[in-house]
Structure formats: structure tokens, C-alpha cells
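We begin with a single chain expressed as C-alpha cells, specifically the form predicted on its own.
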């Protein structure tokens, strides 16, 4: 009897035993994924779903399935970058120092809603929102306070900002200039991903064409002047938080990335000049192995498209480097301490998937911005993962797993099918305008809710293992004095700055917007003159117009 025949007989015998045992058991609840998966994977699945040499390979080598760097965490741990921001710039500066003193290795700025939407803190439309979901930044003066006594040449900073991203980057560069730090030494990331705003998060200001122009301007400026800075962090996080599936998050994020590459090439940039400065931002959700497969598939897809579709020659252009944040949407108000456990597993998935930096959510973020205590627990979760579990010692320890390789290929195939649909619709922006992405995510979100309602998907403490008496926990409360203080600071700024210099700088921004020249030099001058965020955004709205999303059904 051949080894193959013996293997077939053994598999059939196992299957008979399995079917007999399952027939005796009614499993009414689960994660929601079991119906789509085989109960067991073996070498046949590995052979059917991958070519070990060309698809799996080695870390640091094309197609980078096993990681973008040869040594991965053996050479350098991921950056521990907690997303933080609340109240005034001075409040957040204290939180940054608190986290840095406790071992955080990178900063990540959370801005409040008025800042995200381009409003100054004293704008009537900002009333009641100042400092609540992040830090209020209205001018260079606020940015100076935010990074007071934090040496920017020694810290990597990420800023989660999109429509006004170019303006906030100018504020940051002006702070570095005041600290005497050359732009060439600055390290960090600007989210600056406007396409996913139209798809999911909806914090857009201008129509797609001028918005894409602003993104390309920042890419061009950073390529020449801020070479260690990632000008765009192409983000699937908000797509997943909106309710997408993992495959949709993967496909829509990479499709957005391809659209930025095409826009930069169309503007005259060479792919190998800007591609190494692109980065990505993914969600880490609850389906542990699916998330790991998503990260591995993302690297493989990006490498192949950059090399074969866009003709990139530099291996650095093929690399997909990404930040991971644990799933905010998975945090539950019921039994909030359970969120610590959820976050730990999600963080482990990010690390086993090969992330370059990581944010772990705090247990109370479903209720409010995190307290110092819960933020420290979230940071300690990463540190325990890095220093106590041993998972950083072996690169891609799940590589070659029958199951992981099979679902990595399934994720890849699902993404490619979506790319085909998007191309048939004319590309990302036409697909946005036709409501394609929005409808796909809405359906996925609806299906998820139906599974929860039917208890096909159990959420501990919500629709299973429920407790009658909620256990209250301490939450962070933002006092009304924050808004009053911000208004006072802005009034003082407007009274004491050089008004003529502000007017000249805003006129220069208007001219750059009109004539098509790169807006970043004029934005830097406006920042130096202490023009406010709202004043600059007003100029752009007058020149570019505002965007109103068409209704989708």
C-alpha cells in the first residue's frame, strides 16, 4: 500500500468518526465563521492553496508573505504606539509623557472632531465637541504645546487626520523647525487617506479630485523634504469599524492604495521615488486566524501588484509596512473588563501577522476616552506580549500551517475578485460615487447584526453569558472648561499675531490652490504666521468647493 493510499484511508476513517460525533452534538452557538470552514485542514490543502517557494518564501524576500524584514522582531520589536489625545494640547502633552515614561515607543495623535472637520475650537459648529474625542488643535500655538519638551528627532509620531492632513503636517513641521530639528530627521506617519473617508468614516471636506490633489502634494513634498516620513497611511481600520468583513477591509484598502499610486504617477512622480513612503493601517478583529491570514495576504498582494502592475523596480517599493490597532468596534460596554482579554488576543494576531507598530485599545474606550489607568493596562498588554510570551522570538511561526496558508490564499482570491469589480466600475472614485463600497459594507454590517440576533455569533456579556447587574467603572470626563480655555487661547492668538503676515500667507495658499502648484510651502508659511486651521480650510473650501455625498440605497 502506498503512503498516499494509507493517507487517504486514514483521512476517510477520521471523517467517519467526525461525522458520527458531530451528529450527536447540537452546537447552537459559535463565532460565526465555522460554517465557512472545513473542520480540519491537512497537507492537501497546503498543496492546493500555495506554492511554498513562490507564495510563502522567506521573510524579507518577495512576495513578503512571512514579513517585510529578514529579522523581523528578532532585530527590532514593533513600535508600541498608543493612540492618545483629549482636552487641551497641554492635557495631552501630559498623557504623552506619562506613556513615554512607562515604555511607549511612539506617539499617535488623536484629534477632536472639530479639528478632524477643519473647524477652529471657537467656531459655532465646534460647540460642545472641543477636546471630547481627541485633542483640540487650531493653530501652531496648540501644536507647540502638544509637543512641548518632547524631542521630535527622537520620537516617531503618527497623526490620524485626513481632510485637513496637509495643514496639520505643516503645523508639525513648523514645531520641529522651532525645536531646531531638520525635516530630514523627522520620523512618523500622516494618515492622509481621503478615499476611505468617502467610503466609510465620512470626515471629508472637499470633492474627491482636489482632495486627491492635496494627498499627492504631501507625497511629493515629503519625498523631497521629509524622506523618513510616511505621507499616507492607507487605512482599512475605519472600513472595518464601519462594519466590513475582513476580505472587504483587505480589498478596499489595497484598492485605495493602488488609486494613490496611480494618482501620483499621473502627477509625474516616479513610482520608486514615492512608494517606499507609503504605509498601511489595519484593524485586528476577533477572528484570530482570519486576521493573521489577512495581514499575510496583504503583503503578498501589494508586492505582486507593485512589481507587475506598476513596474516598481526597487524592492522597498514592494514592501507593505503596516500599523495595527485592535478593534474598537469589538469593545463592549457590558462587562468592560472582558475588553482587556479581547484586546490581548487581537494584539497577538497583529504580532503573529507581522505588524510594524501596534496600538492596543483600552477597556473603557467604548464608554469614553481612556483613563490613565486603562491606557497603562493597554500598554502593559503589549509589553507582556513582547517580553513574556516568546512570540517575538520566531518569525511567522504559523507559516506553513495547513489552515493559515489555505485561508491566506482564500483572502487573496477574495480581494482579487473585488479588484475586478472595482475596475469594472471604472476605478475607486467612480465606485465611491456609485455607492458600491458603501452598499457592500452596509450589507456586511447588517449580516453581522442578524448573526448576533440569531446567536450564530456569540458576544460574551452581550448576547451570551449576560449578567443582570452592570459593574460601573471609572471613566475619563472632559470638563466644559476645556472649551472655554481653548476659546480664550484662540482669542489671545488672534489679538497678538501679525495680521498682515496672516493675510499674506492665506493669499499665498489661495494662489497655490488656484495655480496647481504644491500647497505645502504656502501652508508652512501660513503655519509660521499662526494662521488657524479654520482660516486655511476656509480658503480651500472657497477654491475647491465642498463635497455632499449622494444618497445610496
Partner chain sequence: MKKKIRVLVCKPGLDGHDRGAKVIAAALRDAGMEVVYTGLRQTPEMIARAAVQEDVDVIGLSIHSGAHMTLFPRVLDLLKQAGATQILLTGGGIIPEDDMAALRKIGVGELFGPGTPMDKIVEYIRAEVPKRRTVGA
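Positions refer to the first chain, counted from 1. Please read these numbers as outputs of a predicted model, since none were measured by experiment.
Here the subject shifts to the form predicted in complex with its partner chain, a form of this protein not shown in this document.
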Residue 8: heavy atom within 4.5 Å of its partner chain in the predicted complex?
no
Heavy atoms within 4.5 Å of its partner chain in the predicted complex: does residue 148 have any?
no
Please tell me whether any heavy atom belonging to residue 448 falls inside 4.5 Å of a heavy atom of its partner chain, as the geometry stands in the predicted complex.
yes
Close approach of residue 181 to its partner chain in the predicted complex, 4.5 Å, heavy atom:
no
Based on heavy atom distances of at most 4.5 Å to its partner chain in the predicted complex, which listed stretch, 291-299, 364-372, 310-318, 387-395, is the contact stretch?
364-372
Within 4.5 Å of its partner chain in the predicted complex, do we find a heavy atom from each of 110, 287 and 460?
no
Just one of 340, 209, 265, 333 has a heavy atom within 4.5 Å of its partner chain in the predicted complex. Which one?
333
Among 350, 236, 164, 114, just one has a heavy atom within 4.5 Å of its partner chain in the predicted complex, namely 114
Who in 190-214 is close to its partner chain in the predicted complex, meaning a heavy atom within 4.5 Å?
200, 201, 202, 203, 204
